[in-house]
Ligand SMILES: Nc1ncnc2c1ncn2[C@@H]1O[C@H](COP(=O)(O)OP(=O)(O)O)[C@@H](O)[C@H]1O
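Just the one chain here, laid out as structure tokens, in the form predicted alone.
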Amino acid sequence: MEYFEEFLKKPSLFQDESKLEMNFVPNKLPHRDKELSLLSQLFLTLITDPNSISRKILITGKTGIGKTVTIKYFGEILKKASNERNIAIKYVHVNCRKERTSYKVLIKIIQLINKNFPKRGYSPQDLLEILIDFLNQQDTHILIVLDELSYLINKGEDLIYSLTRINDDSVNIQERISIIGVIRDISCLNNLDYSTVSTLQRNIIKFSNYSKKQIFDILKYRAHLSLKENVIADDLIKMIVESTYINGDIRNGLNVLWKAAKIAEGRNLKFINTECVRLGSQEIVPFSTLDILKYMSSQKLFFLLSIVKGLKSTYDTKISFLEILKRYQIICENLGLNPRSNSQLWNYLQEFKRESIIVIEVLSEKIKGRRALIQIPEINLSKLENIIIEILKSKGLHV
């Protein structure tokens, strides 16, 4: 209690910390008017002629440039417009990286519209039929957002095919489902069959990266919502913009803003200064990487830990695949784990590369993996090691 009382007596620099959370959806979205207008145009028929069409949209673009928050914002617009006209439209948002299988995605969708639905006892096909029956009974259309859709596509799950082809064998039937898929790289569509790809490629909205001016506008707006007046100067926001612009992830900028304010509070300052921003910018692991680590399997985490430990122990900035294998074997022996095969570990490396965690320099294409050098260029190794260990601990695994 004494600690709480001590901090409660101190004046805060925040008026509302939650406005800097990555899941917060603000009342306006600077520099995404074009995308919101296009989404509204594409889904207008859901309002003007309910259940007459099933719209399928793909959203693409790098991590941290406002795809998810824009879609959630649009979902609120759509619900408001439909409610005002007594049109039954439901909006559900599912993260496929978290759910990972067709079954889990479908269970999540149904439970978002029916909280009492049991988690077990059905096949994916059963769940799809249950969903359609529910929508028909309620005379409702549903807009399903499948965020991080590539995680389902890369695993060969057939949910996308089922959802896009759900009424192919029917005539003059009510269309109950529309889909927005969110992917970073459109190349993942190569893993789908031709008919599904052709359906999804009809409407693609590409989110462009923010410019420095746009990042400044966004961070200044969030600072206005979250901090008290005159707590941070524009020059310091521009300082945060410079580091944010490098990887383009707005969430990193919001995190620096929050950390800088917390550091200033801890020093009993009335405003954020340059040193607070510098300290707030140190050793940040990108939110995109944190998201990936959070849902990564234990075996992949142990292998990534082998890479990190190997890089920390060498004077070089790169480490060979063979050296990583040795360290991985030692970790597995110490913990009594069955190590994955070399080919599986090489596949892990390719996944780490696609997720922008590592960089691979292949010295010889003829010998797979044997002449490859691995580097982690943009993340503080000690910070990354601690995060991996903490995630493993949360899974009941101690290194």
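Everything quoted here is computed from the prediction, not taken from an experiment. The numbering used is simple: start at 1 and walk along the sequence shown.
Omitted here: the form predicted together with this ligand. The next part is about that form.
The stretch among 116 to 124, 307 to 315, 83 to 91, 217 to 225 whose residues place heavy atoms within 4.5 Å of this ligand in the model of the complex is 217 to 225. Looking at Leu29, you'd find a heavy atom of it within 4.5 angstroms of this ligand in the model of the complex. In the model of the complex, this ligand lies farther than 4.5 Å from every heavy atom of Leu46.
Using a 4.5 angstroms threshold between heavy atoms, Ile65 counts as touching this ligand in the model of the complex. In the model of the complex, this ligand lies farther than 4.5 Å from every heavy atom of Ile144. This chain lacks the partner; the member of Val105, Ile180, Ile177, Leu254 within 4.5 angstroms of this ligand in the model of the complex by a non-hydrogen atom is Leu254. Interface residue among Tyr210, Phe321, Phe303, Tyr151, judged by heavy atoms within 4.5 Å of this ligand in the model of the complex: Tyr210.
Contacts of stretch 326 to 343 with this ligand in the model of the complex, defined by any heavy atom lying within 4.5 Å, are made by none of its residues.
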